[in-house]
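One chain follows as structure tokens, the form predicted on its own.
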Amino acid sequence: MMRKQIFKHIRAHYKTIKGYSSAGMESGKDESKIYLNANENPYELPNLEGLNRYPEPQPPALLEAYAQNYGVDYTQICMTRGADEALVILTKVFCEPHKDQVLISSPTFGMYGVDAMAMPAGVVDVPLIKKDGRFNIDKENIIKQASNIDNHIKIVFICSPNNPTGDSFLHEDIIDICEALEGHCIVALDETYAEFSKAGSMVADLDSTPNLIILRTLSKSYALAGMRMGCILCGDEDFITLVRNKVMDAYPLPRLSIETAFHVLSPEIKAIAQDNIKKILAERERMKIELEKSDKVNHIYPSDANFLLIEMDKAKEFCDYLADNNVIIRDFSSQKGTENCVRLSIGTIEENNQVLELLNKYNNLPTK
């Protein structure tokens, strides 16, 4: 059942295409052996030892480290270059160009639509519902649009906690969407910010939810944005095998990224990362309280992530003022659904204090 749910939606040629088998995939890596099968340069450069050799495409030991970290089996994981590459892979595997579509719920992460249009595939937008000062998914309309066969929707993208709004959506609503859309399409749940969320992850639902695929990354909570390490999690092991062998590049993961991922997933570093998450969450609450004191701030949306979406008077002007003082935040004021809003990533105490100091000065500027 699991296999049929996923494979039903895969583009037909991926089911039969013969993937490229690289030298690393055929032989693995063993330090006791001499490898003359990959046309590698045998001479290491100073202080770059080991980088003359291709790494394993999906190192088993790192897969096991991911599995322990996320609470799944290593056969249910495909490691990617950040969650961004995972988005490209899913769109490529499921969406037939000029025919199929993806469903998004704006305001949300822009790359879902960008990757779809690059296929090119279509985009159906079922906007979030803004009510009582927060955002929520329009469950009924998502199900209606995605189950309409004339829409040719192959992927429903849900980001929870959502970027840029910060909301986590009810697990029960996401499960309802998955169950209603079994046989129609897959649901890709982007959990980039899950470690910051009280709601937590839905990985425990993978085995019982045939059309659910989860995306994770080490970029945010593990402070590894510069190394680009993410993954696809799926209860269907055959789908994971297909992606590893037929869709991924021959050598997708840089050696330094692999080694760094091992390091941050070790118990001692993981403990530091978790402590840093607590610091970020404490600062998020402090910043919310302090920002709300400003007459320029009209509303701060509830956040389950490492940022705040702030509605304020003259949002673009405030972004420009901060930029003139060497502080860069994200302007969302011109986008539909986030009018007059800025997104503030939570920094260190010192960085956050500088934002508050500049906001205080901004409050006292003469009115234009």
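Residue numbers here begin at 1 and follow the sequence given. Bear in mind the structure is a predicted one, so any value in this text is a computation, not a measurement.
If you look for the form predicted in complex with a small molecule, you will not find it shown, but the lines that follow are about it.
Partner contact region in the predicted complex: 80 to 88, out of 80 to 88, 206 to 214, 170 to 178, 117 to 125, criterion any non-hydrogen atom within 4.5 Å of the small molecule. When contacts are defined as a non-hydrogen atom within 4.5 Å, none of K288, S333 and L344 contacts the small molecule in the predicted complex. Using a 4.5 angstroms threshold between heavy atoms, F157 stays clear of the small molecule in the predicted complex. Remark: T192 counts among the residues lining the small molecule in the predicted complex, judged by a heavy atom distance of 4.5 Å or less. Taking the partner from the other structure, the small molecule in the predicted complex has no heavy atom within 4.5 Å of any heavy atom of F196. Contact annotation: F135 falls outside 4.5 Å of the small molecule in the predicted complex, judged by heavy atom distances. Checked against the small molecule in the predicted complex, the candidates F94, F239, Y222, Y112 yield a single residue with a heavy atom inside 4.5 Å, and that residue is Y112. For the options Q145, N163, T260, S106, the one in contact with the small molecule in the predicted complex, meaning a heavy atom within 4.5 Å, is N163.
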